[in-house]
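What follows are structure tokens for two forms of the same protein chain, given separately as structure 1 and structure 2.
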Structure 1
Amino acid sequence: MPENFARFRRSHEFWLLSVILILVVGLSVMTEGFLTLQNLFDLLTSYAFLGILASGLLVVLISGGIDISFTATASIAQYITMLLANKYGLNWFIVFAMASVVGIALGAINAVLIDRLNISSIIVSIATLNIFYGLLVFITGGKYIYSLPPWFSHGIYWFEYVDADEISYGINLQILALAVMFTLTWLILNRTNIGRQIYALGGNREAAQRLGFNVFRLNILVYCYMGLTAGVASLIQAQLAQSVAPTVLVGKELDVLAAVVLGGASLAGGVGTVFGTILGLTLLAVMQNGLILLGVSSYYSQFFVGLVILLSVSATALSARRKRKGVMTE
């Protein structure tokens, strides 16, 4: 498939992948701990929360909107679900269903406001972020939930493996949820009619409307999906942190947005892929992880993180410019 490869070579993902590969090779040579199964599992586990949210935000960005209220949505879903789980026992299926329903409901509020009042989505979601979060802190008094039901705090471990140093790892709840949500997002975007409609909506809203797309229905779907991912992400975060704190999630919006945009999604809509988002997230994760493994002093690490992001974005921008020039001279 030389033609396909040539197209891939020009894409944003190609440049991002190259930067990541260079980093991975470099880190594998320079550190012992980087290229190990254990490190891979650790990274997947600790970045699952951001990853799941990124998959939801990707869909919103492609549709031409933006949502930054999802951290507040996640906090609320987490708090309500774990409060009830502590009171009534419940089980895995019910807690995930409950968190999802809360997320979807809050997402629907965003969608209705954005679509019906025709206000810019960033303004609406800034407002709802504050409303959701404000209500949560007001009603709960900011109280943490420290004790979670035992079945919840033990989590799920499949294919558990204990290595020579008696350190155990395996497929856990975080990795499982991450894989499911990325797959689901990919299926929606690439294998359904709705997915194509979402791209079209973000690419040219006017045209999509004239073609007779039901824009309201699409918006509901997009923001509810964001809410669903927030609900799922919130539970796996609570499981990892072994507690629920209403104040810790809000503030992570920009990390998620950075990963998605770094992965090639456009803030203007219509552009973005699941693969790109995975790469964007990988780049951020590998940078943080690698710098510590390399023993780089924390005082420098932010500098290097910024540098690598700038390099990878510049590479894409340069290749895009060359491509445009090529088109003009043809």
Structure 2
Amino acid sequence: MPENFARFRRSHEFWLLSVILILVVGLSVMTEGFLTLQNLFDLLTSYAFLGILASGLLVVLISGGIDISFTATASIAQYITMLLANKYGLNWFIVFAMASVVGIALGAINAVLIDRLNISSIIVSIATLNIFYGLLVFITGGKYIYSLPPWFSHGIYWFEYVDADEISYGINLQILALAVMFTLTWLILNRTNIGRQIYALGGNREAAQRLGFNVFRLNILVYCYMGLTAGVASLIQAQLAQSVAPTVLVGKELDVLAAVVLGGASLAGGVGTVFGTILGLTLLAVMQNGLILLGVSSYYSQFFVGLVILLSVSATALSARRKRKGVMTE
């Protein structure tokens, strides 16, 4: 037990957790509304969309790739699914299956282009982001969908609790989907042979090929999983917003990338944990919410997000450099 705690104290997650606790204490002292059940519940609900996407991006980054086209994928999956749900009725199972299939198909396009054409993943995903988004806006004319099926608009609300101010809380669709996707990602990365292969692929692609790993299948898996999470995230965002807007989701890539990188995932691949990503998402949510409660202009939000990403990446790089020096001296 002491050895485990000592190991945890040296980890990136420990320092990240420490920063979060300091921020929470500071914001609780400086503001009245931060450490309230209502604010924390709203944060968990509103950041579920980013969290689900972060769970998918974590897998891609660990594999040594990167994908920033997921917001366009989510926009397409959301629009197609809700358009057909309004037209044919459908149900929860079909709606989630349809959004997932659309997301997986678009993720497979990324994987094929990256692997078969041997093009950098960031170049491919920038291109497909613009292609997917451009086609969606062109075909739809940017028209919103305001009318959603009643059963979808109502969502779910389990274990409802009403406080003294008659404000209700419970497990809604956003919280449930977030918990399911983080759990699924953890199981894939930590309890399957495929998860170990994904880490190995990101750590050393050439070595993974020599060991006989099917790199193409692994790429298909990780980018299709990113597409799956985009499909799921698109629906919980539509249910929260009570509408579908083809132009709203694109532009949130930086926040998702920030959460994963803050959590300790390396852009070079082979490194990253679900717990770290959860902490990264928490830090991002606390920081952005704190700025709002302190009355800081929203224009500064992206500045702080970018600054924190830079500091986090720099700290990770310095830590890796120290470890390499330690190995060389030994």
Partner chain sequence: MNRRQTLKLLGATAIAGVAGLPNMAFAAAKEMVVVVKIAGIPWFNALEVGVKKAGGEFGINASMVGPSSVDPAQQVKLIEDLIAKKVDVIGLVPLDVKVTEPVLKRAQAAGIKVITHEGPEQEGRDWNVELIDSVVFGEVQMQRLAKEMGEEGEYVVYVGTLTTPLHNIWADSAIAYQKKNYPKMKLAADRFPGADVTDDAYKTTLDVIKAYPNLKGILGFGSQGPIGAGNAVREKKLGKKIAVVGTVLPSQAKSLIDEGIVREGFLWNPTDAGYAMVAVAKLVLDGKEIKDGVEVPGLGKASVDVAKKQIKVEKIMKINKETVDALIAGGL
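This one's a predicted model, so the numbers in the text were calculated from it and none came from an experiment. For clarity, a rigid core is taken as the largest C-alpha set superposing within 1.5 Å between two forms. Structure 1's sequence is the ruler for residue numbers, which start at 1.
Novice: Which number, 1 or 2, marks the form predicted on its own?
Specialist: Between the two, the form predicted on its own is shown as structure 2, not structure 1.
Novice: Spell out whether the Cα of I68 moves at least 2 Å between structure 1 and structure 2 when the two forms are superposed on their rigid core.
Specialist: No, shifts by less than 2 Å.
Novice: Is the shift of L17 between structure 1 and structure 2 large enough to count as movement, that is, does its C-alpha move by 2 Å or more after the core is superposed?
Specialist: No: L17 shifts by under 2 Å between structure 1 and structure 2.
Novice: For Y299, what C-alpha shift in Å results between structure 1 and structure 2 following superposition on the rigid core?
Specialist: Superposing on the rigid core gives a C-alpha shift of 7.8 Å for Y299.
Novice: Cα of G26: shift between structure 1 and structure 2 in Å, core-fitted?
Specialist: A shift of 3.5 Å.
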